[in-house]
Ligand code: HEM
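We begin with a single chain expressed as structure tokens, specifically the form predicted alone.
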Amino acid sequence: MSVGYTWVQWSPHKRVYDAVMAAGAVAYIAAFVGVGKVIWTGAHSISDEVLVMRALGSCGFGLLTLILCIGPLARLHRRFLPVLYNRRHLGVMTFLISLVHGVVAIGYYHGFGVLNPLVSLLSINTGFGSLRTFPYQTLGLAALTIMFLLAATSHDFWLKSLSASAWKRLHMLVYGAYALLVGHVALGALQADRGWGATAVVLAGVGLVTGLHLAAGRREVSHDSANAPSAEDGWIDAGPASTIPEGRARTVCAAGGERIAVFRHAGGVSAVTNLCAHQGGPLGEGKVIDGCITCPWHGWQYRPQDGCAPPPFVEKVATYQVRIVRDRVLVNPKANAPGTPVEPARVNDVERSGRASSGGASDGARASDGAQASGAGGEHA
């Protein structure tokens, strides 16, 4: 989080990450050209321009495949969250590499005629009715146009201006760009390639992206099914309070599909929407730092008791009523307006009452009463 806008939000960690990724891309392109000049010789030799073009194109395609894998990987395991944090920088770098590929290709194939190179690209080949003659370069140009739109809006200024939901929908176009690139490669380079190596690599990349998204989706559906609302009064049973680690959350799902993050913090339990107001990041996968829920994606913070970002920030998220009954955390699935204060349900009182209940029947009755009364924010508060 930052109070004002900067052109590039670099931190020491981001600088190292960007430097490593840029060095890796340069090394890949240099290795592709070097190896290509060694293995493609004689009658199969390839010009330097085409070698560079293929190196840039394959690098851009590989990076976009990697970008699309980061999201589901982060949902499947927390160790990938630091990579997710830097995904926007990687996306801009992928666009720049793809742009250079496009400029070299258009200049090489369309830059020596009487027509404007772009006019030439869009008008010379009209064989849309055949896969063998399909003008695959138009698919690449369409994908590059989408990637430009995404790179140009990969800044918090546009996120704030467009709203988080509209910005999110816009950036879902990355999947359309990837589909166009797969068509561009399949109808272009792969049709000209006599071997199966490049085809196998492309299919493996597409299969990896598809498989990871299916695995992440299946995991979330399974998790949501295990946290269906209780039938008694519509409140959601989030499980024993004692099993929620301090400073962490358990995520439950309401009947309409809204996910709710139930945090244990400072001897209490609070619930907020699982969607960060920044980019819709999963707050329930974050943790409480300095008394604030911290989004695992970009570090935006909110107070658990009212869903408000700490001053001077003004962002707010929805809160939910919470109560604890016999150590079970119950959440009212009806969301409060963003920023609505809700007194945390106290855990320590319930745990003390629970320990006392093991001493006898009369103590057990007091423990039950204490548990009902602990839901300060709920119906029994």
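Counting begins at 1, following the sequence as shown. Just so we're clear, the structure is a prediction, and the values are computed from it rather than from any experiment.
Although it is not shown, the form predicted in complex with protoporphyrin IX containing FE (HEM) is what the next lines describe.
Out of the listed residues L90, L150, L181, A238, L181 is the one that sits within 4.5 Å of protoporphyrin IX containing FE (HEM) in the predicted complex by at least one heavy atom. Proximity to protoporphyrin IX containing FE (HEM) in the predicted complex, defined as a heavy atom within 4.5 Å, holds among G205, P72, G140, G268 only for G140. Across the proposed site, W158, A164 and T273 without exception lack any heavy atom within 4.5 Å of protoporphyrin IX containing FE (HEM) in the predicted complex.
Of the candidate stretches 184-192, 126-134, 209-217, 239-247, only 184-192 has residues with heavy atoms within 4.5 Å of protoporphyrin IX containing FE (HEM) in the predicted complex. Taking non-hydrogen atoms only, G57 approaches protoporphyrin IX containing FE (HEM) to within 4.5 angstroms in the predicted complex.
Although the partner is absent here, F80 is not a contact residue: none of its heavy atoms lies within 4.5 angstroms of protoporphyrin IX containing FE (HEM) in the predicted complex. Protoporphyrin IX containing FE (HEM) is not shown here, but in the predicted complex it comes within 4.5 Å of a heavy atom of I106. Interface residue remark: G102 is counted as part of the site for protoporphyrin IX containing FE (HEM) in the predicted complex, having a heavy atom within 4.5 Å.
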